[in-house]
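Take a look at this single chain in structure tokens; it is the form predicted on its own.
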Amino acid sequence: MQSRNPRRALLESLRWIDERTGLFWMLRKSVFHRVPRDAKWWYVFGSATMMFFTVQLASGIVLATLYAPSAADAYQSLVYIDEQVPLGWFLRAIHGWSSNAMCAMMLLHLAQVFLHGTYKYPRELTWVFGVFLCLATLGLAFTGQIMRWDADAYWGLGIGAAIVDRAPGIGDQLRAIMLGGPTISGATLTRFFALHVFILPGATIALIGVHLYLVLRNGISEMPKPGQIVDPATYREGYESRVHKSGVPFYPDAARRDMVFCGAMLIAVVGVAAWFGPFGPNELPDPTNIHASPRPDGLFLWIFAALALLPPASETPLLLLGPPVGIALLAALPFLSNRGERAPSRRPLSVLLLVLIVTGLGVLTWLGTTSPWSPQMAAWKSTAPDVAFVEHRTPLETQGLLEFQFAQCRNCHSIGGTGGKRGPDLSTVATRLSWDQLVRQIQQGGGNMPAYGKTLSSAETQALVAFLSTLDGGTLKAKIPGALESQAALDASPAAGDRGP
């Protein structure tokens, strides 16, 4: 019997698979579908997001074989990966930094789609699935931080549990679902490990599949042009006609730009990972460590700052209603405005809204990085008072400086640029508050300041107020920007030695 041609047998097998699955039809449709000729560098962020997700999957699978998802061993398993596994630290660094890059590319892609009005007809569902894909991506980043099982992870879980616990009627149940019990424990880590390794990646893959199908079904949008109106009655026919006449195949024209950008971003992330190394793990959670300053990763610093700055009276309604309302509005955007102009120059309100959102997130991220509301717990003992605070003070005022120091006021308040920033700067407090007002503020507190009426004796309070009453910019003017008088002129003043209240 004559043997069959191997090449012909392979082609017949592939044809058999294609007839029953449409696999090669999908590949041809994906690679060679026509796209608008003007689809330039604005359109590379989506491909970069998917590329970094692929990096996440590959590095995550390897890390999952080394990581111990138990409360007793998780932290040490990361130390083992960093210190014992060959290039384990680099693998963790790639996984962590590519996670940040994936989220950044996703947010840039979302912003570009919003700016260009690409969410309008017929791409409403593409936007909706993109919003949920963005949420899944951020969920992967957050659960990844929990995997480090350090102080940042522990306190982040505590804050999250406190938020869901505020839900009226069902707070206890929601907290138990989140933590796997009433408190943070090994069950909590197991729960978040399942989310990070199985549930969220699976959901992300499914959402990517639907999102790509919708992109192929409705086409890549053209660059917006002023006067080119989106009208559901005529848009699809006009779009298909324009793409057929002047469009180009996705490969190689648009794919070339995607590959160049993805390659450049991948090289950048590899360089950053090699230079800065992996994220954490930081110190173990210790409630007795008053110097601990836990905070989330950079992507979530704006949430950290927003939670810290919310007025106490509005915390619960904003925390419970803000996120779902915001997500609902974002998902409903294309149904609220699915026609009309797409060009940013014809949509100034949309451009202004995007600028305000980006600016707000940037400011909150900076505040989350600097944390001006966090007290410097060792400021009272680690930073010596400037000599200007001591010179020309009466014995009572000098005693007040000692009270200011040993009552740990400097943890929250600064004078002349040194000290904490949680409370107001007191360099010129005597110009704002009278003697009686200072006494009342110290004894009764107010705002975020605790009351010291039961902590300080009457004599200690009087001495403290005597010192504070000298902080009117007098001998400290040399320390305060914009001062008009020099320290030497103040020293020569006849009243320099008499600064009592």
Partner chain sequence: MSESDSTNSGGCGDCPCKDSGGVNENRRGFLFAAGTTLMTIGGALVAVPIIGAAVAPAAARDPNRWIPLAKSADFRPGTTVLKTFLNPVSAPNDGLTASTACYVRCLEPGKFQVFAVNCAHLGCPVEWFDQSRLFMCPCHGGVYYEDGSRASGPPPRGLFEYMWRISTDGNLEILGGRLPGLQEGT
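Residue numbers count along the first chain shown, from 1. The shown structure was predicted, so the numbers you read here are calculated from the model rather than taken from an experiment. What we label the rigid core is the largest C-alpha set whose atoms superpose within 1.5 Å from one form to the other.
One more form of this protein should be noted, the form predicted together with its partner chain, which is absent from this view; the next part is about it.
Although its partner chain is omitted here, in the predicted bound form all of 176, 187 and 411 have a heavy atom within 4.5 Å of it. Heavy atoms within 4.5 Å of its partner chain in the predicted bound form belong, among the stretches 45 to 53, 59 to 67, 442 to 450, 27 to 35, to residues of 442 to 450. 158 is the sole member of 344, 139, 158, 424 with a non-hydrogen atom lying within 4.5 angstroms of its partner chain in the predicted bound form. Though its partner chain is absent from this view, in the predicted bound form it lies within 4.5 Å of a heavy atom of just one residue from 298, 122, 181, 201, which is 181. When contacts are judged by a 4.5 Å heavy atom cut-off, residue 352 does not count as touching its partner chain in the predicted bound form.
Not displayed here, its partner chain is approached by residue 162 to within 4.5 Å at the level of heavy atoms in the predicted bound form. Proximity of residue 304 to its partner chain in the predicted bound form falls within the 4.5 Å heavy atom cutoff. Not displayed here, its partner chain is approached by residue 191 to within 4.5 Å at the level of heavy atoms in the predicted bound form.
Contacts with its partner chain in the predicted bound form, taken as any heavy atom within 4.5 Å, map within 141 to 155 to 149, 154, 155.
A movement of the C-alpha atom of residue 365 falling short of 2 angstroms is seen between the shown form and the other one when the two forms are aligned on their rigid core. Residue displacement note: residue 85 has its CA displaced by under 2 Å between the shown form and the other one (rigid core superposed).
Core-aligned CA deviation for residue 258 between the shown form and the other one: less than 2 Å.
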